[in-house]
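Single chain ahead, by itself, as structure tokens, in the form predicted alone.
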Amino acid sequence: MGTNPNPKLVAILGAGAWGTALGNLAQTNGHQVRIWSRQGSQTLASVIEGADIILSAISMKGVSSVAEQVKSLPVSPKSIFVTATKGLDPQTTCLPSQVWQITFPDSPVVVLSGPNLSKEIQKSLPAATAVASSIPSAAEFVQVVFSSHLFRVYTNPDPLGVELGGTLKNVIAIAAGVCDGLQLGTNAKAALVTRGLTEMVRIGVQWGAKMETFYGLSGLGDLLATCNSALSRNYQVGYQLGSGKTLTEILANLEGTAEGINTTQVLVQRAKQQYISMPITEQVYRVLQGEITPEQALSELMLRDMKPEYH
């Protein structure tokens, strides 16, 4: 652990692989780290007391309730909230940062997202990520705390785009897993991932994000990582569906949460309400619902009307 002349206190909410990996990065940089989990012995109040950074790495389904718990406690006015969760709230379709910002309207909120498979970071393999906030100084503060020679942190002024990139790519990662499970080859997968990125950009821009953000680390970068790695839980879900397993079987043996499953459902609702064409997401949804087989989803995508690549 490095000695730091100006150590900060970092409170990590969520002791899963991702929260632990981020805690290790801050600790290696000589910062004081406290980790809270529901199963742990430390209280939430004692973990967040006096924290410079309160970083949430809990799964999407727990974000609202934990944010409410934190709200009931004395939070330091200097605390910066960082969210490292990728998902959409099923009730409100809110992103994690929106949940934290609504709960703490006067605090800076920073989104941390990128091609960051936690098992690789735990092995001290090099990686890069983006930290985004509407308050540049807050993003820069977080950048300094987590940056190292093994973990390169870039700031970004588009928190919505950075967060959507990390959230939407999970749906495409399921599709990429299906593609590999069906052994469709490299050409098919390259086409799928490229058209998947187009879909991410389409809904992201409609949502209010900047198009160029999706070609950065938290969009294309994260998409490449999760569509090509067995370490990605979303990819694993797709791969096993493509190999003929049922979703129930897969989830019974899956370590952790595949956020893409819930994200797909929320996304399909939202796309329908706003008349956004999302053919890949729609087929992933139908496969997850058990309405069609992966093979049927593939033939429906291949038999769509002919059209130009760009409108």
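Being a predicted model, the structure only gives us computed values, none of them experimental. Numbers follow the displayed sequence, beginning with 1.
The protein also exists as the form predicted in complex with a small molecule; that form is not presented, and the subsequent description refers to it.
Only one listed stretch (107-115, 180-188, 200-208, 148-156) carries heavy atoms within 4.5 Å of the small molecule in the model of the complex, and that stretch is 107-115. When the small molecule is considered in the model of the complex, only one residue from Ser243, Thr257, Asn262, Gln27 comes within 4.5 Å through any heavy atom, namely Thr257.
Among the residues Thr213, Thr226, Ser133, Ser97, the one placing a heavy atom within 4.5 Å of the small molecule in the model of the complex is Thr226. Contact check for Asp222: a non-hydrogen atom falls within 4.5 Å of the small molecule in the model of the complex.
Although the partner is absent here, Ile102 lies well away from the small molecule in the model of the complex, with no heavy atom inside 4.5 Å. Interface membership of Leu231, defined by any non-hydrogen atom within 4.5 Å of the small molecule in the model of the complex, is confirmed.
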